[in-house]
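Form predicted alone, single chain, as structure tokens, below.
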Amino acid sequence: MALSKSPYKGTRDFFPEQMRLRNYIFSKMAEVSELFAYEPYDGPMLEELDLYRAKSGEELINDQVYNFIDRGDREVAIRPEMTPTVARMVAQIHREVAKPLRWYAIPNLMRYEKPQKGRLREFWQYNADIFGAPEGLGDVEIIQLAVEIMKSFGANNEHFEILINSRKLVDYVFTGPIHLEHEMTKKLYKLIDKKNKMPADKFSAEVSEITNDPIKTIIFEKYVALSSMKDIEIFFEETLEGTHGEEIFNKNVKPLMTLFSQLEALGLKDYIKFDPSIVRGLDYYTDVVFEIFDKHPENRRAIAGGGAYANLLAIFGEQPLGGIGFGMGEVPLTEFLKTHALLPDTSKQNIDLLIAYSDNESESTAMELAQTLRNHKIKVELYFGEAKTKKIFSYTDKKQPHFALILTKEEISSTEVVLRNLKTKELHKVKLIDVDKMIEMIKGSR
């Protein structure tokens, strides 16, 4: 029986055209990251399963991780996310290096999920994290970085928004005004994380079932209806009790208000929005959480998400080190860019110049010229073998280089060749030895 030519379900083959698009996306991510002084890093494809047991939540472990027993009888997993890996790496070196640490990566990840639009089993995900920044400032910068990456693709506030919340604030609401026990709080977190995917009546019914108290349900429904910083102030004025009200407000509410003020001062007011339903499912988030959402009605979904964590290093026996980061999958990002017609044309290879020759006597000259131009960072394709002009132009119609140069023994003897600009159809006579002029013309047309 012949083997299937198709890749494993939920994975992809990247032919050159798809690689051109992937490289374009990755290069933008890297370029913006490095403008903010973030450094690239990477880790192993395999990690001990216990790393994810400790920090990633039951759903990931039970339903989504590719794991197996290796030949040394160890439980290992193909990495489904990058945050536990970066925490493990930071735990090794954070005492000896200057802080804050600003790192980014674009790792290959795998999760056993049902393949669907915007979600596959194998994917690449941009990750950026900052560890050890002064309180609140890392939050501002990481959200600013996320906006700048989106803008680098041509997106603006008409295309996307960043929905922001605080786990610290939510924790207080659940345990303070609503007075929920720990187990009920966990159930409510899972429910609120699914709120935007559920019918309103079903959501309300499940809230009532968890709280089992009409007054608690009313307070919770008031909370999930909040939509601005002013709403939050009013809500807390109504619910805060006792002599410690100001202290509670300063600890659980004011930091989020300060974050919004700082982001607005940076000109990001039109990108950010408070959303009480953003809690992020993973257990390690402890404060600010956010998601980047597509505004297009046909693709209303999260493109990226992240948040702050204070205790990630604890499982390695280290003292708390505050950090915040986010992940942006290339699959949902690509869907976003398609939806808003922001993708560049990557259907053709980017070739500066095609050099061909019409007779074998010109072959060595063509090879030497191609190498000379490559030494000056000109992307040159050499057409192999003697060929008639008609055949060469049939080839350039398919490959679409920016320029073409067809050498003949007569031109070589006269030392003057014709450089064809295939975009403008202009013909330029250039001395064969005048390589600098060729380079100037080719680079000038980029």
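Note that the coordinates shown come from a computational prediction; the quantities given were computed from them, not determined experimentally. A residue's number is simply how far along the shown sequence it sits, counting from 1.
Same protein, other form: the form predicted together with a small molecule, not shown, and the subject of what follows.
Chemist: Heavy atoms within 4.5 Å of the small molecule in the predicted bound form: which of the stretches 339 to 347, 80 to 88, 178 to 186, 198 to 206 has them?
Modeler: Careful reading of the contacts points to 80 to 88.
Chemist: The small molecule isn't shown here, but in the predicted bound form which of Met229, Leu163, Val331, Ile351 has a heavy atom within 4.5 Å of it?
Modeler: Looking at the other structure, the residue within range turns out to be Val331.
Chemist: May I ask you to choose, among His94, Lys273, Arg280, Lys254, the residue with a heavy atom within 4.5 Å of the small molecule in the predicted bound form?
Modeler: Looking at the other structure, the residue within range turns out to be Arg280.
Chemist: Honest question, do Leu120, Asn127 and Gly306 all end up within 4.5 Å of the small molecule in the predicted bound form by heavy atom distance?
Modeler: The answer is yes: all three residues contact the partner (heavy atom, 4.5 Å cut-off).
Chemist: Given that the partner is absent here, does Ala302 sit within 4.5 Å of the small molecule in the predicted bound form, heavy atoms only?
Modeler: Taking the distances in the predicted bound form, the answer for Ala302 is yes, it comes within 4.5 Å of the small molecule.
Chemist: Is there a heavy atom of Glu113 lying 4.5 Å or less from a heavy atom of the small molecule in the predicted bound form?
Modeler: Yes, contact at 4.5 Å.
Chemist: Considering non-hydrogen atoms and a 4.5 Å limit, does the small molecule approach Tyr284 in the predicted bound form?
Modeler: Because a heavy atom of Tyr284 falls inside 4.5 Å of the small molecule in the predicted bound form, the answer is yes.
Chemist: Is it the case that Gly132, even though its partner is missing from this view, gets within 4.5 Å of the small molecule in the predicted bound form, heavy atoms only?
Modeler: Taking the distances in the predicted bound form, the answer for Gly132 is no, it never comes within 4.5 Å of the small molecule.
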